[in-house]
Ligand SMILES: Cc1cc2nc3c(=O)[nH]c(=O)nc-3n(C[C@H](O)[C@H](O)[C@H](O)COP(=O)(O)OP(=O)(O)OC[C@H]3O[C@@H](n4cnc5c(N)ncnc54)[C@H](O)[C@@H]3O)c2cc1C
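There is one chain below, alone, in structure tokens, taken in the form predicted on its own.
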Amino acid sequence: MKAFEYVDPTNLTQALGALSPSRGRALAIAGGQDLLALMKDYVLQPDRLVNVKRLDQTVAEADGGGWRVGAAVRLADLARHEGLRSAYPALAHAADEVGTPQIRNIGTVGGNLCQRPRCWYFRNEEFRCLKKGGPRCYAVDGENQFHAIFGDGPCHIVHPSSLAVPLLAYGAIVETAGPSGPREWPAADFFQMPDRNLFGETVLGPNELITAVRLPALKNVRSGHYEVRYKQSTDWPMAFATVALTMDGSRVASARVVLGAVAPVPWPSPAAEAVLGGQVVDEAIASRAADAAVRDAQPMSGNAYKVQVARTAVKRAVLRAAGLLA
């Protein structure tokens, strides 16, 4: 690993001042599990690391309803927070599914949202792929069994964040800070496709940070989260989904369906949401919504199986949201 300077700021102003407008020169580190692996593999070689894990670690109810979660809140603390578990069970579930207890006790909300892709071509220093300024995406003609089934390139990564999917489903706001001051982003606008931002996955500039996420107050909303893994022990999900149903009595007034690990960004499914609207959820309706969610999938040479996996995740997330699956 290349030698680097370590900066340990005590507040947000100091942290922002230690970052650099030059991409990759100074990087924020919280739990560090993703960043240090990238540095050991020589994918990233910053001159400076800026410790941000001592910044905002608060979880608090917001004025006017909803909750605000600091970017430095650990995943384990999010998963077991009684207020969040009650108001946003799919988010707490997703946090509780991340990695191992050791990972959840050091990983943070901001770090989970800013993870870099797990694509083995991106992670291998021998491959100069599109995301590293190279000429092409090697997954197109290579090993692509875990790559995207939505998005149509030009880079075929899948977004690695577990929390991003329920945050979209709940309509969360991502708060950021940088040299121009604080900004707020609907979660759906925070993540960017490769054709808009090839060298990153979010709107963050090189000298900006996530400071918090803000969750809206919900009324008559039921939600469910379901992940499908190759192994039930520590593993990355092959596909997963979060479903949030706004209920009018026993019927769905409106729905939000978001898929994960199937595209370069968390992937909403308006088609599945349209199927659920106005319905009383049962297994047949859940199956129709799942069919609609994957209807436009475009699998690659080695990942057609992910279409059925994603379909299963959506169906079971719908049933879980409706209280028909434990």
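Residues carry their position along the shown sequence, with the first being 1. Keep in mind that what you see is a predicted model, and the values were worked out from it rather than measured.
From this point on, the text means the form predicted in complex with the ligand, which you will not see here.
**Q** Assess the spot marked by G66, A188 and T246: is the ligand within 4.5 Å of a heavy atom from every one of these residues in the model of the complex?
**A** Negative, none of the three is within 4.5 Å.
**Q** Since exactly one of G142, G171, G99, P89 fits, which has a heavy atom within 4.5 Å of the ligand in the model of the complex?
**A** In short, G99.
**Q** Under a 4.5 angstroms heavy atom criterion, identify the one residue in A297, A292, L35, V59 near the ligand in the model of the complex.
**A** Of the candidates A297, A292, L35, V59, L35 is the one lying within 4.5 Å of the ligand in the model of the complex.
**Q** Going by heavy atoms within 4.5 Å, which of 269-277, 282-290, 27-35, 255-263 lines up against the ligand in the model of the complex?
**A** Among the candidates, contact is made by 27-35.
**Q** Even though the partner isn't displayed, in the model of the complex is R222 close enough to the ligand, meaning a heavy atom within 4.5 Å?
**A** Because no heavy atom of R222 falls inside 4.5 Å of the ligand in the model of the complex, the answer is no.
**Q** Spell out, yes or no, whether the shortest heavy atom distance between A217 and the ligand in the model of the complex is within 4.5 Å.
**A** No, no contact at 4.5 Å.
**Q** Even though the ligand is not shown here, does A239 get within 4.5 Å of it in the model of the complex, heavy atoms only?
**A** No.
**Q** Would R229 count as a contact of the ligand in the model of the complex, using a 4.5 angstroms cut-off between non-hydrogen atoms?
**A** Although the ligand is absent here, R229 would touch it in the model of the complex, with heavy atoms inside 4.5 Å.
**Q** Determine the residues of 153-174 with a heavy atom within 4.5 Å of the ligand in the model of the complex and present them in sequence order; the list may be empty.
**A** Those in contact are P160, S161, S162.
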